[in-house]
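Below, in structure tokens: the form predicted on its own, a single chain.
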Amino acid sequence: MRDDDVDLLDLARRIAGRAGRGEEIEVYATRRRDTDVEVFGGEVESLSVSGVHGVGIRVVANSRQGFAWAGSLDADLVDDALAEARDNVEFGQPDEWYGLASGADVADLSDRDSADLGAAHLELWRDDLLAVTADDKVQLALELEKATRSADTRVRGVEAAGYGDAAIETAVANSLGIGAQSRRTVCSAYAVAMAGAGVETQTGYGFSAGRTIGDLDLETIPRDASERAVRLLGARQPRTSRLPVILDPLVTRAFLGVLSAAFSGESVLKGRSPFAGREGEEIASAAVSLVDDPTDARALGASTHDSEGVPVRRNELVVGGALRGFLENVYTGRRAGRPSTGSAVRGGYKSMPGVGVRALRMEPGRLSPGEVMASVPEALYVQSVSGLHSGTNPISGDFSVGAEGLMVRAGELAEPVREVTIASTMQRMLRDVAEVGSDLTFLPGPVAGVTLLISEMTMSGA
């Protein structure tokens, strides 16, 4: 049987059903198809259409754990992976908390906040995306590049333009009776414009994302890319000062992406979260409510269940500035004496489940981006950052990154700035959030963006 014809959940259940006495087996099966197009100078620079099929098998016995995978759904190769996982159990270190999701984990989740469990009804798959030909996707990217080049007379060229999509199917089942499957489609398009004046060149980014091509706003992409590039022309390095900082939704997403690790039960167990042991305490301003909600179909990371087969739920991490709790998978939850929050994630069939966000967002406020800018007499609007991974430390909370953007005065964007560093700590930034914009922006990946006003940060310049 071809891999494309295999019923993933049936496969996972059949293999999990082969567990022997004193043994637990979990099978995670996935099938996905990806298309990526990049164009440059009116020609196709790269085009890839790939298919991935695979199975990851976890075996738990005698408080030990073994794992193996097969990059195919072929029955013989899956059998080999099961045998290898069983062999690997003998080499594992014993841990009394090892175990798979059970009916008790699902019951614990369902008993709590049952009104939040609407994920089973999510519609995340679009058949029409699969009907679009590769030629049509290439044409979309070429037209996007052309539109970006002609969006403004100061645009000298397009650094990059492209389109990508994925159709993803997963199933997970184990020998304790858990079984779940899901499928979803996602797509996105982008362009990077290059604007110039004299010898100076600035770049700007535009994007759109959705579940099918019809969801993409192809007119906004070139407009945003050109506008973001053009408005940085003439940028200069400002003097060092302390002032309010407004983060663009793309920058807020990057900030929250780094911060998300601090809310992982795995980080808490390893002593790597600055918020460990602070449940119920005020860790942010009252304007901050941080939620991971995979039950919201608008989020491109939405799902019906986590990668251990536990139904997902809306998890409130921070409400009105107060820490509510952490995200857990089955293992971290058992070690911490808590139930799973349906937050097991995997990097694919080759990895075992960790803990992570799927649809993290800061709950939007009442002010538009323009009203956020008008709420302070002067601020720095940060359009993009660099050095995010080298300049941030989610354990200590240190935050120091390169930035470019524009000054804001009297509620309007003013002169552009470059070669600056913005610095604070992530804990201080949460406490200094003065306003959260109303422009909640769902983006590719597990984190959404929103305009964010932080009352004070250090801007290091001249």
Partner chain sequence: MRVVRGETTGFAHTADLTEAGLRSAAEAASAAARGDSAGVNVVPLAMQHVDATHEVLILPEDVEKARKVDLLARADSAAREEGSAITSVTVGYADAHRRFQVANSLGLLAADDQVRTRLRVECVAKGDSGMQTGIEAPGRSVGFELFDDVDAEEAARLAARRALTLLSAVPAPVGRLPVVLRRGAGGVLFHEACGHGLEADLVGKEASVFRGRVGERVAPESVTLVDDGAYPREWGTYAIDDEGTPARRNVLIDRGVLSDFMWDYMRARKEGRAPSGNGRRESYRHLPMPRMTNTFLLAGDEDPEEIIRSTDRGIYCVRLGGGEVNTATGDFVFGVTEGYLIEDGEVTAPIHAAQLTGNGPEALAGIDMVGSDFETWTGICGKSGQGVPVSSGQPTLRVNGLTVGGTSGA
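Numbering follows the first chain given and starts at 1. Being a predicted model, the structure only gives us computed values, none of them experimental.
Here the subject shifts to the form predicted together with the partner chain, a form of this protein not shown in this document.
- When the partner chain is considered in the model of the complex, only one residue from 128, 219, 123, 135 comes within 4.5 Å through any heavy atom, namely 135.
- The three residues 174, 263 and 364 each lack any heavy atom within 4.5 Å of the partner chain in the model of the complex.
- Contact annotation: the partner chain lies within 4.5 Å of heavy atoms from the stretch 88-96 in the model of the complex, the single such stretch among 374-382, 88-96, 302-310, 318-326.
- Looking at residue 409, you'd find every heavy atom of it more than 4.5 angstroms from the partner chain in the model of the complex.
- Using a 4.5 Å cutoff between non-hydrogen atoms, residue 420 counts as a contact of the partner chain in the model of the complex.
- The closest heavy atom approach of residue 208 to the partner chain in the model of the complex falls outside 4.5 Å.
- Although the partner is absent here, residue 236 sits far enough away that none of its heavy atoms falls within 4.5 Å of the partner chain in the model of the complex.
- Residues from 179-199 that approach the partner chain in the model of the complex with a non-hydrogen atom within 4.5 Å are limited to 194.
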